[in-house]
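This document starts with one chain, in the form predicted on its own, laid out as structure tokens.
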């Protein structure tokens, strides 16, 4: 099969990914093989390619926003059959035996394996994954190009949203408004939760209002109109944490969504922090990913995407790195349709 491999990390401008022929993987016991239709480009792919994150295996096939169709099943597979539509996200596998896995919190498993980092991902014609970690796309009437970006920012946003414990008629604050926050806004609207968005971008303020935010402005310059039940901070900016805390009522929750964050300083503990909970998003949970995809299918959650041919991967990643793509998400098209022909 054709696949883009990374052997040595280098700046994207040096085109470190190489398109080569590699053996087509076979589905092992309890695994499915997926014919890849599309795979989204995530900034994490760029961080791995350039060396901001360590290279865990070489050669490596990047890509963890995978949409495809099952074309082979290994021994013992019961959840999927050939022809089923599936998605593969950042969660590739866990140990299945530790206390976290056994309690439905596999995101904390010390053996959490990541698609496109620990295991080969979707910048290839085929990939494999354990049946327990594939996401069913059956019944979701959306184009593969529209589903792919939901598998990373969408699922991550939903997992952060679940940490807030927000319920109908609550007031939820979103600090920052990129693709992940957009997905949370759409889900919250669907569930009857009022959303208040703080962002510096005039364009994002308008987008938030158009998509159902009750209030959208820069909360660092304009006063939040009410007290929130909970909030999510998306940018890796520690300076936003205390303002988010002070906008949340006693007993409320502030979720920090970034993988890393600049220094957090709380100057007034008693007034702004005391009595609130702070939680961090740490990897993702499969059941919550499946929940989100079900909601996305019902509510037609779609994000802007620019589609590139398979052969254009290096160029697409350079454009993503430089912020020069025309839409928020870049999608690599590997195959034409859902058929196995």
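Quick caveat, the model's predicted, so the values are computed rather than measured. Numbering follows the first chain given and starts at 1.
Below: the form predicted together with a small molecule, not depicted.
> Which residue, 180, 94, 89, 164, has a heavy atom that falls within 4.5 Å of the small molecule in the model of the complex?
By the 4.5 Å criterion, the partner-contacting residue is 180.
> Only one of 117, 196, 234, 126 has a non-hydrogen atom within 4.5 angstroms of the small molecule in the model of the complex; which is it?
Comparing distances to the small molecule in the model of the complex, the residue within 4.5 Å is 234.
> From the candidate stretches 263 to 271, 234 to 242, 127 to 135, 187 to 195, select the single one in contact with the small molecule in the model of the complex, where contact means a heavy atom within 4.5 Å.
Selected stretch: 234 to 242.
> When the contact criterion is heavy atoms within 4.5 Å, does residue 282 count as touching the small molecule in the model of the complex?
Yes, residue 282 is a contact residue.
> With heavy atoms only and a cut-off of 4.5 Å, decide whether residue 209 touches the small molecule in the model of the complex.
Residue-level check for residue 209: no, no contact with the small molecule.
> Using the partner position in the model of the complex, report whether residue 81 sits within 4.5 Å of the small molecule, counting heavy atoms only.
Result no; residue 81 lies far from the small molecule in the model of the complex.
> Although the partner isn't part of this model, could you tell me whether residue 226 comes within 4.5 Å of the small molecule in the model of the complex, counting any heavy atom of the residue?
Close contact is absent here: in the model of the complex, residue 226 is far from the small molecule, nothing within 4.5 Å, heavy atoms only.
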